[in-house]
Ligand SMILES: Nc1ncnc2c1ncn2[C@@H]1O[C@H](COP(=O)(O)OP(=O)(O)OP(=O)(O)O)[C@@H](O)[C@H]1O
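Okay, so here's just one chain, in structure tokens, the form predicted alone.
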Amino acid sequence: MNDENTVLRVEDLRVQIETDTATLDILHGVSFDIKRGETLGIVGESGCGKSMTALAIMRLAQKNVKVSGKIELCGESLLDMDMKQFRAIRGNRMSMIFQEPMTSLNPVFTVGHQLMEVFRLHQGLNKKEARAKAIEALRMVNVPMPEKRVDCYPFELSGGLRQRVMIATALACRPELLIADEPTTALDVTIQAQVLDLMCKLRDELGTAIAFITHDLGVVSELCTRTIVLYCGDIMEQGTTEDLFTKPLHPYTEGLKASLPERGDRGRLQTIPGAVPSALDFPKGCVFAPRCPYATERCAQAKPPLYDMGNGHTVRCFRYEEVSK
């Protein structure tokens, strides 16, 4: 039964990529949900499956990608819809902010034209009405002089302003779900803080559910209510952000937290030894075992399940097998 406050429900999400020489398993049964007005953090190193999760939800993956499992928006199955039905939802009830605004905004059209297109497509407004809405949307995300900026091309705007245009476009139709894929990576610290404050404000005002994808645990601690830790297409740990920061259980979460610089600490930064393996060569047992300081022979042979530690806190590690019973 679907909780009426649950905006997004993902169950047993699996993604495979078919190549000429092999079938790559990218996601191995990822499950989570996001409630109205909540921000869920999705963290992990590059190559762990964060962006692929977002692309699968938005049905933006390439044709050689096979997606299975359940993805529901307010109880409606997204994978069962034909593309015509889904296009009426994408950009309207659910939107995405991409990592690099210069590759996401069309350089040959003004930002106003691109914003107006959203209103004309999903709300059926005429050109004059759509322009007024576009200016209002730019004002909502604190773009200065929106009446002038609406006629600017992307290259005429700074990185921070381009990212605000992306946010305005994503939030134009007041979506129930917003997926933000590392939206502040290319911004300086000051602009990053402004963009995050803006997203929090709009989330609180509109009740939008946000999936915030990032490798930056510092941002997660400020923005997210709950967090899932992804590694090689598996959820390693999931729980409240406070629990994951104050009592991380999985060695990978511990490693990510330890790699954060402490205030006033001038010593050597800690790192996780090794690197994320290729999808062509995932380890047989626990995918993190080759990099784990606690790994045993059992870890190399068998994949641990997600153990329920209570209060919505789950961890994929054999060390908690007895504790979870």
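The first residue of the sequence shown is number 1, and the count goes up from there. Computed from a prediction, not measured in an experiment: that's the story for all the values here.
What follows is about the form predicted in complex with this ligand, which we do not show.
**Student:** Check whether Glu176 has any heavy atom within 4.5 Å of a heavy atom of this ligand in the predicted complex, and answer yes or no.
**Tutor:** Answer no; every heavy atom of Glu176 is more than 4.5 Å from this ligand in the predicted complex.
**Student:** Is it the case that Arg131, even though its partner is missing from this view, gets within 4.5 Å of this ligand in the predicted complex, heavy atoms only?
**Tutor:** Outside the cut-off, so no.
**Student:** When the contact criterion is heavy atoms within 4.5 Å, does Val67 count as touching this ligand in the predicted complex?
**Tutor:** Contact with this ligand, no.
**Student:** Using heavy atoms and a 4.5 Å limit, would one call Thr296 a contact residue for this ligand in the predicted complex?
**Tutor:** Thr296: no contact with this ligand in the predicted complex.
**Student:** Among the candidate stretches 29-37, 44-52, 296-304, 283-291, which one is within 4.5 Å of this ligand in the predicted complex when only heavy atoms are counted?
**Tutor:** After filtering at 4.5 Å, what remains is 44-52.
**Student:** Using heavy atoms only and a 4.5 Å cut-off, determine which of Arg87, Arg139, His215, Arg120 is in contact with this ligand in the predicted complex.
**Tutor:** The option sitting close enough to the partner is His215.
**Student:** Looking in the predicted complex, is this ligand within 4.5 angstroms of a heavy atom from every one of Glu72, Cys224 and Asn311?
**Tutor:** Result no, not one residue of the spot touches this ligand.
**Student:** Are there residues in 278-302 with a heavy atom within 4.5 Å of this ligand in the predicted complex, and which are they, in order?
**Tutor:** Residue within 4.5 Å: Ala279 only.
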